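Provided below as structure tokens are two forms of one protein chain, presented individually as structure 1 and structure 2.
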Structure 1
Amino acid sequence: MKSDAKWLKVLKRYRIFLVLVVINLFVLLAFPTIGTRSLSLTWANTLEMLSIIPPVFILLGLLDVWVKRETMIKLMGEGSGLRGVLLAFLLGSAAAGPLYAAFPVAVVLLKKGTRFSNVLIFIGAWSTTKIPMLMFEASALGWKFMLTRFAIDLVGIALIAWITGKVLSKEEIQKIRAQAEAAET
């Protein structure tokens, strides 16, 4: 039956999630304190995620539809040079939300022909130099701590992106890009 196959597919996609739900229920029964704590933490994180999901995915869709491949290649593709690096860095730093929300955006960037190392710079910036996070860091750990870490992160993000780009062969990067192109639409 066609609908059965569809359900099976959904079940398969969500199998790890379902296993974790079962584990969580087991923990809730066996260790109520840890179980309740876990659920309330998951709930808090879900709310945090839900608050940024609509804008991030709408922007992702708009980016996909409006920005032409040629434009993106010119801005952040091969040969975009330092400007491409800076743009990738600013794009990542201006982001809001946890790192895992950055990966779907990275897929669109790859699809549009952004240079691989620039996508990694975007990921690096999203992970550690998000502007609102830096403000938070400065107030909790002091300006000197935040600024020192920020300065070395600038070097680190570029270095990590560059080395990762070098470690992979052209064919491997091509494969990642092809996979991104096949992912949606």
Structure 2
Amino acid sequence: MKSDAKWLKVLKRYRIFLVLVVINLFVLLAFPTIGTRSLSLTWANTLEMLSIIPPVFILLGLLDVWVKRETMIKLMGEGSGLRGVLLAFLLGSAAAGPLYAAFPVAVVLLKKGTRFSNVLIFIGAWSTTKIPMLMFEASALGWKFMLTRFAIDLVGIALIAWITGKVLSKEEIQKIRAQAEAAET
């Protein structure tokens, strides 16, 4: 009986992955050309993820062990003010890797007591204000374009974080924080 429950838990946890495998196999059988291309892209994306995720989790482990909760609360917690906002922007902008790597970091930040709006700012900065991307834009599209987009992004990220903080109730934010606490990282 325990074995059956364990398998059901595994199937439930990986149901989306399993559905995508079935869809990929169906496409491969029904449309071999498209299916082959789909499998090729899936394999390439899997290899890319496998090259990115381990370093992210190593850094998360180090962040979890080296940075005390009290320090994180002081730097980015409820009373951190502008310093917490600027640090969230800086961490997000200096980060490397695709956006999906930001979410495990956000979970650790929530576990460490970071203010919810600062976590949203961190994710927003990770997705739009990365330093290498800004340098590329400056060289390819000009400094005026890069600075204009950067300014709009800063305002947009701060506005989205503020609005989200106002729209969500304290109970909803606590529920998100509780889910982060329960998450395995």
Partner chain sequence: MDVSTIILYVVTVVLLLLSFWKDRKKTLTALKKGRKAFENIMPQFLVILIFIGLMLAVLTPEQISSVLGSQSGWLGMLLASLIGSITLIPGFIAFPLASALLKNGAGFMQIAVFVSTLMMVGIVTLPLEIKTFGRKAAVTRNLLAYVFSFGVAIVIGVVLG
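Keep in mind that this is a model prediction, so the values were computed, not measured. Residue 1 is the first residue of structure 1, and the numbers go on in sequence order from there. For the two forms, the rigid core is made up of the largest set of C-alpha atoms that agree within 1.5 Å on superposition.
In this comparison, the chain shown as structure 1 is the form predicted in complex with its partner chain.
The rigid core superposition between structures 1 and 2 gives a CA shift for Thr46 of 2.5 Å.
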